[in-house]
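First, one chain by itself: the form predicted alone, in structure tokens.
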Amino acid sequence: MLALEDIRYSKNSNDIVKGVSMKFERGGVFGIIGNNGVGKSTIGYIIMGLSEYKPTSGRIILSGEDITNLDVTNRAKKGISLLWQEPARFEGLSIKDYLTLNKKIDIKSVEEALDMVNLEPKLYLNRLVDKKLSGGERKKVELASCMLLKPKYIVLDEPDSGIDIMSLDMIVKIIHYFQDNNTGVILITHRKEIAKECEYSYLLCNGKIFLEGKSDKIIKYYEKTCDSCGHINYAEEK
């Protein structure tokens, strides 16, 4: 199990995450849902251990081990991965070379991963991971990279951003791929079409868990209340 225990995070004297506790299990799909600006991505970065996102207080526990002070590299070694909302570019590096940086990954696995994200291997293996790729193409390459890593836990930060709406079925297929491979999926989203794939979800507002439970319940509340909210981060009583 991966657990956040009373996590708080402040930056420039601003309280951004305010006592958040969450639990995630391998093989499950969990949602972190909420409007833009409520702290969803920040929690994802805290889970991944990015250097600028060290909790002010609280603990992160992985399989009984306190990993709060581990850096991003050591968390990755323990099986935690993150799909960035805005993937990086790598001038001069081909997609083939990028996806085989881990020498244990063979070309057949790379081709299968590209097929799953709807990128034809023959057309994409030798293309560069640079500005000539569209945002959607780079996102798909990053998804393929995450699949090849076979992580224990994957944080998917707005996996549909920059990707054509016709690719939503592909994203759902990949979520289930992770689940079938016993990866715990932590899905950060404000899209109900994506959130419905989760089993259990946390609804955030103002850096706090406003509501949690089975995802269908959370989605109904989100649609009714948060979609049309005119006072983001000033939560009313449930």
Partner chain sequence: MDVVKGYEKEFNQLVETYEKNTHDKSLLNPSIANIIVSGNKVVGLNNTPGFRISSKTRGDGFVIIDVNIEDNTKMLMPVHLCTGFLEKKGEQLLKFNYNIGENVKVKFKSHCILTNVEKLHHYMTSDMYIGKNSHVEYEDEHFHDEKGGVFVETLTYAKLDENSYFKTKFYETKTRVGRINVLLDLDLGNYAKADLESKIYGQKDDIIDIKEIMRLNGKHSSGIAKSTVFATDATKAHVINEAYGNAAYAKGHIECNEIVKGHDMSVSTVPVLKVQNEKAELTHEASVGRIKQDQIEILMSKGLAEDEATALIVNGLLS
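Numbering follows the first chain given and starts at 1. On a predicted model such as this, the values are computed, not experimentally measured, just so you know.
Absent from the display: the form predicted together with its partner chain. The rest refers to it.
The listed set L125, V72, L168, M116 contains one residue whose heavy atoms approach its partner chain in the model of the complex to within 4.5 Å, identified as V72. None of S63, S51, S57, N182 but one reaches within 4.5 angstroms of its partner chain in the model of the complex through a heavy atom, and that residue is S51. Within 4.5 Å of some heavy atom of its partner chain in the model of the complex lies at least one heavy atom of R89.
In the model of the complex, no heavy atom of E137 sits within 4.5 Å of its partner chain. Of the heavy atoms in E142, some are within 4.5 Å of its partner chain in the model of the complex. Proximity of K108 to its partner chain in the model of the complex falls outside the 4.5 Å heavy atom cutoff. Residues with any non-hydrogen atom within 4.5 angstroms of its partner chain in the model of the complex fall in just one of 43 to 51, 25 to 33, 174 to 182, 199 to 207: 43 to 51. Contact annotation for the candidate site: L4, K18 and I67 all lie away from its partner chain in the model of the complex (no heavy atom within 4.5 Å).
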